[in-house]
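For reference, the chain that follows is the form predicted on its own, supplied as C-alpha cells.
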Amino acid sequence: MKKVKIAKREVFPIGLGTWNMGDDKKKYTQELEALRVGLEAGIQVIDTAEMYGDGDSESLVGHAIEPFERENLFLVSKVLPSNASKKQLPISLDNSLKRLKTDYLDLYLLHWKGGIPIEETIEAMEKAKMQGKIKSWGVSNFDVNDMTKLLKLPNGQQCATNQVRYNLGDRGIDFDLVPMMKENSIPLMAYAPVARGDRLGADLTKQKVLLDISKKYHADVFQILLAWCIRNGQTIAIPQSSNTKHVMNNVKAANIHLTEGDLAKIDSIYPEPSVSEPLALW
C-alpha cells in the first residue's frame, strides 16, 4: 500500500466519504461506529461538507473523531459556492469548525463553481490559511478547463486537490484532467469510487472480468474497483458507507495491487476514453 502525498502530508489512499450521513437520526449510532471503525483501521482522510444534511454530517464527524489524535487525521470539508465570498467564507468556515469541534481543517474545498469570482474565493482561502484555520485549500467538480484557468491565477498554484466523481464506469477524466493534474503534481480525490454501490448504471458487479479478478485476490468487486481507482498512487478514494464490514473491506482494498495484465483486462471492458468527455457530476 502506497500513501498519497497531499498538502505536504502522506495519507492512506482510502478515505471516508460522508454524503447523506447524519441525515437519519435512527442511523446515527451505526454511522458513528462505521466512521470510528475506519479510523481505528488506519484511515486518515474524512470528507464532509457544510451542505451535507445542512451541517448534520459535520456534527457526526465531529463526534466520531473525538477519541482520536487530531494530528493523525486529515479532515476535509467544503464550502458552498454561494458562501465562497470574502465576507461569507470565514463565517461558513467558523461554523464548520464549530460543528467539527476542531480548530482547523487540513483541507477546505470550494464545492463547485458558482457566481462568486474564483479570485475572491482564493483570496478568502489564503487568508484563512494565514490565520491557521485551514492547512490547505482546493476545489471540487472542476473540469480541465476550470483547472487550467485556476492555475494561472494569483495563488492558483496553491490548489491542493480537485475532488471529482471518478470510478471505472465514469473514467472520462482519464483523457485530459488526470494527466493535467499529474503534470502539475495535484492529487485527485475521487468521490463515488465504487459507483455508489454500482447504482450508477455501469453494471460493474456483473462483469465476468471483474468477478474473475476479484476471485484471484479473494476479494469482492467493490474492493477491485477501489484498487483500480487508486492504482496510480496519486488518487485518494472516499467511498461512503455506514456498514462496518464494508468499511473494513474498503481498508483492505488498499493492499490489492492490480497487475498490468489485470488492468489490460479491465481496459478491454471499460476502455480509457479517446476523446474529451463532460465531467461526471453527483
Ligand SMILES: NC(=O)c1ccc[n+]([C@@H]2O[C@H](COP(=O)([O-])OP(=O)(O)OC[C@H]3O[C@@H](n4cnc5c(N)ncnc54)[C@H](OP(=O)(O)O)[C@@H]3O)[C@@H](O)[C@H]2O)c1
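Just so it is clear, the model here is predicted, and its values are computed rather than measured. For every residue, the number given is its place in the sequence shown, counted from 1.
One more form of this protein, predicted in complex with the named molecule, exists but is not displayed; see below.
Enquirer: Answer yes if any heavy atom of Val79 is within 4.5 Å of a heavy atom of the named molecule in the predicted complex; otherwise answer no.
Expert: Close contact is absent here: in the predicted complex, Val79 is far from the named molecule, nothing within 4.5 Å, heavy atoms only.
Enquirer: Does the named molecule come within 4.5 Å of any heavy atom of Lys135 in the predicted complex?
Expert: No.
Enquirer: Considering only heavy atoms, tell me if His63 and the named molecule come within 4.5 Å of each other in the predicted complex.
Expert: Close contact is absent here: in the predicted complex, His63 is far from the named molecule, nothing within 4.5 Å, heavy atoms only.
Enquirer: Residue-level question: is Lys152 within 4.5 Å of the named molecule in the predicted complex, judged on heavy atoms?
Expert: Residue-level check for Lys152: no, no contact with the named molecule.
Enquirer: Going by heavy atoms within 4.5 Å, which of 63 to 71, 232 to 240, 37 to 45, 211 to 219 lines up against the named molecule in the predicted complex?
Expert: Answer to the contact question: 232 to 240.
Enquirer: Sort through Gln207, Ser92, Asn141, Gln158 and report the residue having a heavy atom within 4.5 Å of the named molecule in the predicted complex.
Expert: After the contact test, the surviving option is Asn141.
Enquirer: Quick one: of Gly197, Pro117, Pro179, Gly201, which gets a non-hydrogen atom within 4.5 angstroms of the named molecule in the predicted complex?
Expert: Selected residue: Gly197.
Enquirer: Heavy atom within 4.5 Å of the named molecule in the predicted complex: which residues of 246 to 265 meet that condition, in order?
Expert: In sequence order, His246, Asn249, Asn250 come within 4.5 Å of the partner.
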